[in-house]
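One chain comes next, on its own, written out as structure tokens in the form predicted on its own.
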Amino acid sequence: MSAAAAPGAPLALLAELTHRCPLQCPYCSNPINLERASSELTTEEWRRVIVEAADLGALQIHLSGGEPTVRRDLEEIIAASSEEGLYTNLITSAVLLDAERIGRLAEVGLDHVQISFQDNEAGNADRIGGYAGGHEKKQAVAKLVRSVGLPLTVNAVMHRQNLENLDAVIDMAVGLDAERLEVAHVQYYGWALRNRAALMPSRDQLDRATEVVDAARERLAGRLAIDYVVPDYYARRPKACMGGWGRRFLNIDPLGRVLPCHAAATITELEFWSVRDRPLAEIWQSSPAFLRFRGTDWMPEPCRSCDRREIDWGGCRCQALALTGDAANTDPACEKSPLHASMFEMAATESTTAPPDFIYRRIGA
């Protein structure tokens, strides 16, 4: 595919409604420099964007943050999405929800809820999230979600400080009547990159986690679907990040900037156009940021001649920047990268030394 060719309609829009959040997770995917409420897109701006996304051919909208439920207009945003025929998924910490609001969200057209959990054990979960009483509230809200008939996904972000509890996390998801569990090892961007040494699991931990997931998938087949995301630092080949740069997904941040992925703003050489200035279709089809790494024309060797170039699409550009200093370099997660061995060594060293204290996610931190 030519780097200049748009691959048809995006499948989904990730709408980051806000960076505000009561939790302070040290692996948060939000950028280090968090935006304040005064900068956020308004209700009417989101309404227009939703119409444009549907006209572009998008099928899903994932409502995220920060914590999207801090937006008092969340019901209006969901209703507008439902009216346009978009499948609506709320990605939430759940700690601000109650029965009344869950009922309202369901009434206006919410299709699915994804709740993040920091562990199965309250003390450690609340320590990781930096929010006292959070775990108990999450469990209560998960039950409320199921009581109104909404499908539930449990998102369990795993790392060296909770991975030993993976069996119990899986049991928790079953007990909450979740349809899906995402066992998502931390990916090292944003706050997670800053906290990498505190979060990186050992290879032994990872291997055991993989065994646990494989056994649970067999045991719970037909009852609980389990997605499994392995940390790139232990991979042999890179994953097709977001299905390939600018191919299937787009992300809109609280300011209205349109990004190929949630971490793309770390690539400061790129110009990200805003929905406040241009139509969404124009941005998707022809903005410099989307064209820069779309397709295969941009690839250096060995990616350019690799038989997997239209499978992994070159891997992750943000990771290439973070670990090599150049977003156009081969992703070090690939065994063909000259930095692949050093990436493994870095993970091994950090995962076997005493973890430093968390640097919690805070505005102005």
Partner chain sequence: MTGRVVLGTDSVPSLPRHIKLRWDKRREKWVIQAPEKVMFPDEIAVEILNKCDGAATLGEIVAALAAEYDEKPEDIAADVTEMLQDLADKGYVTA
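Positions refer to the first chain, counted from 1. Keep in mind that this is a model prediction, so the values were computed, not measured.
The same protein also exists as the form predicted together with its partner chain; that form is not shown, yet it is the one meant from here on.
Its partner chain: the contacting residue among R278, K143, R104, R180 in the predicted complex [heavy atom, 4.5 Å]: Of the candidates R278, K143, R104, R180, R180 is the one lying within 4.5 Å of its partner chain in the predicted complex.
Among the candidate residues L206, L86, L193, V213, which is the single one with a non-hydrogen atom no more than 4.5 Å from its partner chain in the predicted complex? Filtering the options by heavy-atom distance leaves L86.
Wondering, does E75 line up within 4.5 Å of its partner chain in the predicted complex on heavy atoms? Output for E75 is no: heavy atoms all beyond 4.5 Å of its partner chain.
Wondering, does A235 line up within 4.5 Å of its partner chain in the predicted complex on heavy atoms? Result no; A235 lies far from its partner chain in the predicted complex.
Could you tell me if D111 has a non-hydrogen atom within 4.5 Å of its partner chain in the predicted complex? Yes, D111 lies within 4.5 Å of its partner chain in the predicted complex.
Though only this chain appears here, would L59 touch its partner chain in the predicted complex if you measure heavy atom gaps against 4.5 Å? Yes.
Which one, 88-96, 264-272, 162-170, 236-244, holds residues whose non-hydrogen atoms are within 4.5 Å of its partner chain in the predicted complex? Of the options, only 88-96 has residues within 4.5 Å of the partner.
Listed by sequence position, which residues of 201-222 have a non-hydrogen atom within 4.5 angstroms of its partner chain in the predicted complex? Stretch hits, in order: A221, G222.
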